[in-house]
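First comes one chain, alone, set out as structure tokens in the form predicted on its own.
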Amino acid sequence: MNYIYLDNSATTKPSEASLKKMGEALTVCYGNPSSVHKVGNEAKKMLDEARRRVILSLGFRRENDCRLFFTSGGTEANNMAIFGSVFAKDRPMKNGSRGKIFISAGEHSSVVNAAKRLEAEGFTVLEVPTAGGVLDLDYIKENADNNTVLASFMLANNETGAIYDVKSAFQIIRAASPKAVCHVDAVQAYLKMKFTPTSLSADLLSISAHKIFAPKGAGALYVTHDMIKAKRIIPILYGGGQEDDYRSGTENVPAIVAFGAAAEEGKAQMAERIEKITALREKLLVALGEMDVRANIPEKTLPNIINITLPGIRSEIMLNYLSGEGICISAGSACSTHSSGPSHALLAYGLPKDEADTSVRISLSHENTAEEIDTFISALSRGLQTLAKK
């Protein structure tokens, strides 16, 4: 069955360019990049080229403008940023806390659960409100002080598409605590909007391959040279010293070179892709405006994510109905599928529990078509009529 795929924030279909590079790494340059023989050297060259491509895709002109360490994905990159920076320095108790850590109330589970672990270690975790998709800067001003050690904010929310003003947040935090580390989870925003790590004032920034039309299994953490020089980050995985000893473990070369190919392609086509997605979004919003649903649209948002609240129909019931119609959407983050209860991101956005339970996410890509949007709207309309009667 041919599906209409509108769940691109969960994962994307690997592009031909990324699969071609992956195939080359699997069948031709299949050596271990740490091996010193010819096959190993060829794999190392592919690894280095992929790193260069990803660095340039982040807006840098030269590959030596920053450090970039490959990981298994966004979750590991976030954990490396958070634990690697917090534990880089001794953090003795001060006024009953080992230090303050700021996250947003709608963060990805990889950040939320890492913060919970640090809270158990004696750190104070503060969740910044995000009502209406806006990072509450006043809350940060009221609570940031010189005991702040880390701020970790997503640039764009994976469930609502809301774009957070992380740069202003970091400015407030650094004014209160100049040595605080500032980390951005840019997994959803990467190649969906214009930014550079420097423009965000980020010390650390996480990205992931499978959100940009590369296979799953690769991600990366951007790190400033100053973080390295000042020894403000340490490894969280120990082993053979790969990735300059910051992320040990044999590199997943096939996934990484596919990542590099997708990054280069995505950077070159970003403006064109955004233009096409924006047109599809406008078409979809016009049609949704004539239906008995409510679109939850933040003031500043990614073009590809639309969250809608259904009239008294639980999200999983609509998902199952649409899946039977050959259409794939989601109820929110795929990483939260196994969690019980309503989405914490939607509650933080301001939806009451019953509305959070009846909201779904549509996430577009440049590969979607106007005809697919028409088919989806027709199926959603039938679903609303059919399910409302049950």
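We number the residues from 1 along the sequence you see. Just so it is clear, the structure is predicted and the values come from calculations on it, not from any experiment.
Keep in mind that the form predicted together with ligand PLP is missing from the display, and what follows is about it.
- Just one of Thr224, Ser104, Ser110, Thr309 comes within 4.5 Å of ligand PLP in the predicted bound form, counting any heavy atom, and that one is Ser110.
- Interface residue among Met80, Met154, Ala263, Ala151 relative to ligand PLP in the predicted bound form, by the heavy atom within 4.5 Å criterion: Met154.
- With the partner left out here, ligand PLP still marks one of 87 to 95, 251 to 259, 122 to 130, 184 to 192 in the predicted bound form; by a 4.5 Å heavy atom cut-off that stretch is 184 to 192.
- Proximity of His210 to ligand PLP in the predicted bound form falls within the 4.5 Å heavy atom cutoff.
- Taking the partner from elsewhere, Pro197 is found to have every heavy atom lying beyond 4.5 Å of ligand PLP in the predicted bound form.
- Ligand PLP in the predicted bound form is not approached by Thr160, whose heavy atoms all lie more than 4.5 angstroms from it.
- The closest non-hydrogen atom of Asn304 lies beyond 4.5 Å of ligand PLP in the predicted bound form.
- Shown without its partner, the chain has Gly73, Gly74, Thr75, Asn78 in segment 44 to 78 as residues with a non-hydrogen atom within 4.5 angstroms of ligand PLP in the predicted bound form.
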